[in-house]
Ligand SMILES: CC(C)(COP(=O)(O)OP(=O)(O)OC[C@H]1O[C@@H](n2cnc3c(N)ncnc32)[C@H](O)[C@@H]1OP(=O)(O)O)[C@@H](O)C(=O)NCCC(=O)NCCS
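In structure tokens, one chain follows: the form predicted on its own.
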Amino acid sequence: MILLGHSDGGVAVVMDLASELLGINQYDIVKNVDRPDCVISSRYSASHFFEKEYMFSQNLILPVQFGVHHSNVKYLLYHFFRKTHGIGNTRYADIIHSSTTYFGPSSVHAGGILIEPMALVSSMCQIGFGVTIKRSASVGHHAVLGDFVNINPGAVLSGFVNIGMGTEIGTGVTISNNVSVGKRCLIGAGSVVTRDIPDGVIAYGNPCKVIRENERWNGVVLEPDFSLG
């Protein structure tokens, strides 16, 4: 498997899940910035490469996933490798811990998804591309999650919740029914969201309130959104 981008946490989670679910134990970690290599478990074979030296053309059959979980970094990596090496949506593997995770049969996702153990996605949900749903998180019925959304451990999304593209929902957040959270937001850990949140902000608290602009997305050139499907 080819992992695009790298962080110690992201790489470790993907490796363990891909090994258990897909039987993959060999990884090529490709980075497009000069950062220290990840700490890799001795049970896996892993090689680090810079983007400019990796021979993508010789590895066209290998599945791809992100080696990071932050929404803004996934977004940047996806568009970088799509433009420079033609790696589009269909190259990304789905990693869903099916034995301890429930994904409603009436729900759909657009690929490149990673769902950790003990997560739940209820009925009639629409999940975008490159979404990460971490351990013990719960996504209620009729929820819509945009591309590159990151739902952190223990978050609870009620029914008919809408989460915009590139938004991160912090650990232990609770979101009430029929609430919309805008694009490129960061909702702080433990927040209780009872009202809509606009695009591009950091918000937290009980009740959740807008605090300031989400600087993580400053300078990011926004590309056209994907179509779910």
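One rule holds for the numbers: they count along the sequence shown, beginning at 1. This structure is a prediction, so every number in the text was calculated from the model and none was measured.
Omitted from view is the form predicted together with the named molecule, to which the following refers.
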field: Exercise: L62 in contact with the named molecule in the model of the complex, heavy atom 4.5 Å
entry: no
P153: touches the named molecule in the model of the complex, heavy atom cutoff 4.5 angstroms: yes
- request: Using the partner position in the model of the complex, report whether L186 sits within 4.5 Å of the named molecule, counting heavy atoms only.
  value: yes
message: Considering non-hydrogen atoms and a 4.5 Å limit, does the named molecule approach G170 in the model of the complex?
response: yes
Stretch in contact in the model of the complex with the named molecule, which is absent here, among 121-129, 90-98, 145-153, 77-85 (heavy atoms within 4.5 Å): 145-153
message: Just to confirm, with a 4.5 Å cut-off on non-hydrogen atoms, which of V179, A46, M165, I202 contacts the named molecule in the model of the complex?
response: I202
